[in-house]
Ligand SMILES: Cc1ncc(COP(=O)(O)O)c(C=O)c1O
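Just one chain is shown here, as C-alpha cells, and it is the form predicted on its own.
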C-alpha cells in the first residue's frame, strides 16, 4: 500500500503506514472502508489469478481496509507483516497454533508450551481448558527468574510464551535473556505485548517470533472497538497465521480495522502522556495510608526498576496496581462505587482512566488458591491511567479513599 518506508522512524510510521490506497490514480488521505463481502474481477482469468496470488477474492481472505491496519502493525513492530483478528483472544489462539506448526504445514500436533505463571487470567484459562484438553503439555514458570526458565527449557518445549509486563502485578521479564535461552533449545517465542505496547517495547527487535496484541487496548485506545493482531518475524509464520485466519474465520471487520488504524496514529502521544500521569499517580498512591503495596516499574523500589529502564527507554507505562487496605471485597467495591472520574471497567489502555478488580474480573476464573500463589490478593486493584489532567485523576482517587476510610 505505502511506498518503501524502511527509513521512516517509529512515530512517522504510526501516522503514515498502511494508508494511501490508490483508486484510479487518486489516493485518499485515509484508507476507505471496504464494506464488502467479496470482490468482482474483470475476467474469470483475473479471478483465478487472484486466488493463486492471495489477491482480493473474499473478505475472510483479505480486505484492503484490514490489510492497511495489518501493514501498519507489522511495520511498527518491526516484523515482516501482521494478521488481524476479531479479538485479542482469537489472535493469541492462532498465534499459538502457528508457533506449534512445523515448517508452516497445517498440521499442528499437540506440543509443549512453557508459559509464564503471571499471565492474563483468561489466557491461563485458554491454556488450561482448551490447549491442555487437546493433549498439549502446558507448564508454568516464574519468568522473572531466567535460571528457572533455563531449567524448564531443558525439557525442550516447542513454545515459550510470556508477557513482558505481567497483568496485573506488573512483573517484568528480561526479554532478550529469555529469547536467547529459547534459541538454545529451538523453541519459538510468542510474546503478548498488549500492556507494553510498541511504544515501550518491540519484541521482534529482540528476537521474538510472534507478537500478540489485544488491539482493543492501547492500539485502539478509545474504548470503542474489539480486535486483535499478531505480528510475525518471518514470512513462514505470517503465511501460517494467514492460512489459519482463513480457516478459523475469526477475521477483523473493515469498520473495526479503520478505527484501529486511526487509533495507531496517536499511540505514541497517548502512551507517553499515560506514562507521565501513571508515574505521578504511583508516587502519590505510595504515600497514602489506605494503600498497601504499589506495583509500578517506575518506582525505584520496584524489584525490576533497572530492567524497566533498560527495556523501555525511560518510560514505564500507564498501568499501576495497588493493594487497598483493608484487603476485603467490600472495601474494594465501596472504593470503586465512590469513584466519579475513573471508570470501573474491565479493560485498559484507553484515553480515560479505568480501574479493575482483578480477583473478580481478569482472574475471575482462576482459583483462589492459584491467585494466592500469584500474589493477587482480595484488595488488589489495577489502574489504567488515562490522559486526563493528572491532578483530576488524583483528586478522584483521594475522595474515593476518603469514602472507604
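Numbering follows the first chain given and starts at 1. Since we're looking at a predicted model, the values are computed, not measured.
One more form of this protein, predicted in complex with the ligand, exists but is not displayed; see below.
**Student:** Taking heavy atoms and a 4.5 Å cut-off, does residue 302 contact the ligand in the predicted complex?
**Tutor:** No, residue 302 stays farther than 4.5 Å from the ligand in the predicted complex.
**Student:** Whether residue 88 contacts the ligand in the predicted complex should be assessed with a 4.5 Å heavy atom distance threshold; does it?
**Tutor:** Residue 88: yes, in contact with the ligand in the predicted complex.
**Student:** Would residue 120 count as a contact of the ligand in the predicted complex, using a 4.5 angstroms cut-off between non-hydrogen atoms?
**Tutor:** Looking in the predicted complex, residue contacts with the ligand include residue 120, since a heavy atom lies within 4.5 Å.
**Student:** Does the 4.5 Å heavy atom contact test between residue 355 and the ligand in the predicted complex come out positive?
**Tutor:** The answer is no: residue 355 has no heavy atom within 4.5 Å of the ligand.
**Student:** Check for me: heavy atom within 4.5 Å of the ligand in the predicted complex, for each of 167, 195 and 227, yes or no.
**Tutor:** Yes, the whole trio is in contact, each within 4.5 Å by some heavy atom.
**Student:** Of 233, 202, 217, 93, which residue is found within 4.5 angstroms of the ligand in the predicted complex when only non-hydrogen atoms are counted?
**Tutor:** After the contact test, the surviving option is 217.
**Student:** Please tell me which of 209, 256, 77, 163 lies within 4.5 Å of the ligand in the predicted complex, judged by heavy atoms.
**Tutor:** Result of the distance check: 163.
**Student:** Looking at 137 to 145, 264 to 272, 327 to 335, 80 to 88, which stretch has residues with any non-hydrogen atom within 4.5 Å of the ligand in the predicted complex?
**Tutor:** It is 80 to 88 that comes within 4.5 Å of the partner.
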